[in-house]
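Below you'll find only one chain, the form predicted alone, shown as structure tokens.
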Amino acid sequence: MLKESIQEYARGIAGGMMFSLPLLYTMEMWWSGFILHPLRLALLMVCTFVLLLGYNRFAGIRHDHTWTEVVIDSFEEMGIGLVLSATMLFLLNRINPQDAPAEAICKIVMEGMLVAIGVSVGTAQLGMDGCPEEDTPRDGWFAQLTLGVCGAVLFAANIGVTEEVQVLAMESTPWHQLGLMLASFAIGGMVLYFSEFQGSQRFARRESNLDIATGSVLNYSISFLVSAAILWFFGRLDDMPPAFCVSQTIVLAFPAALGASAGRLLVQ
């Protein structure tokens, strides 16, 4: 029992580092920690906890967990995320004892919440061996939606904080944006229905052409909304013209679409 617990913590730490390391090395994340309004940071904590609840419920390593156990696991993963964030920021000299406490705490919270998602994914996925049972809670539409959102956040958050999204949106033409939208549709459908990745057969074998089209549209819709939410959170949409906001969202929706489809697929 002790060995299993240690192995789960090790997977969580490894997952937190693997999936969120780019954010720990990103300057915009360090600045966002003390530039953003405290209410947005509080909202980040609430949304992260909700995502962890959904992920642990539908994709956790043990599908027979009660909701009480899921809540405990989610709090635990948030705690690990905060500890990892504080440790890495200290080792990278982004926080030190001379910093104002509020500034250091905001940086730790900002990074820690995204690290916590990586911890959850690492704990659940890096140790899974064998095929899950067929009839699990993850088969429902709500489970697929939840896991799609988690995957989109995990992929898009690494990019959404950077200035490059605004640069790409500013320099793209309507034809470029249309091409990105079509590519986002295509990548989602390809991963889910035509890639023959492990788990994709479950989608392809039971979906008609109409279902495939509908699923691809749903995948892009999740990606677009998640991208818009991430850009809003980081202040990239504040006081911007609507057309530029849409352009930024289209740019970020491509990696989000890949993440959403992977989130739905890799946990099958």
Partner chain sequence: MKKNWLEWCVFALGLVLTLSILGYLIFLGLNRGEQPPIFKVTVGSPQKVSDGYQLRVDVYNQGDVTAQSVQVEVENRAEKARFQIDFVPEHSSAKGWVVFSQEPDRPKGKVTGFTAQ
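Positions refer to the first chain, counted from 1. Owing to the predicted nature of the structure, the values given are computational and were not obtained by experimental measurement.
The form predicted together with its partner chain exists for this protein as well; it is not shown, and the discussion that follows is about that form.
Exactly one of the stretches 171-179, 150-158, 184-192, 80-88 approaches its partner chain in the predicted bound form with heavy atoms within 4.5 Å, and it is 80-88.
Only one of Ala243, Val50, Val217, Ala42 lies close to its partner chain in the predicted bound form, with a heavy atom inside 4.5 Å, and it is Ala42. Within 4.5 Å of some heavy atom of its partner chain in the predicted bound form lies at least one heavy atom of Glu103. In the predicted bound form, its partner chain lies farther than 4.5 Å from every heavy atom of Ala213. Not displayed here, its partner chain is kept clear of Phe142 by more than 4.5 Å at the level of heavy atoms in the predicted bound form.
Its partner chain is not drawn, but in the predicted bound form it has a heavy atom within 4.5 Å of Tyr9.
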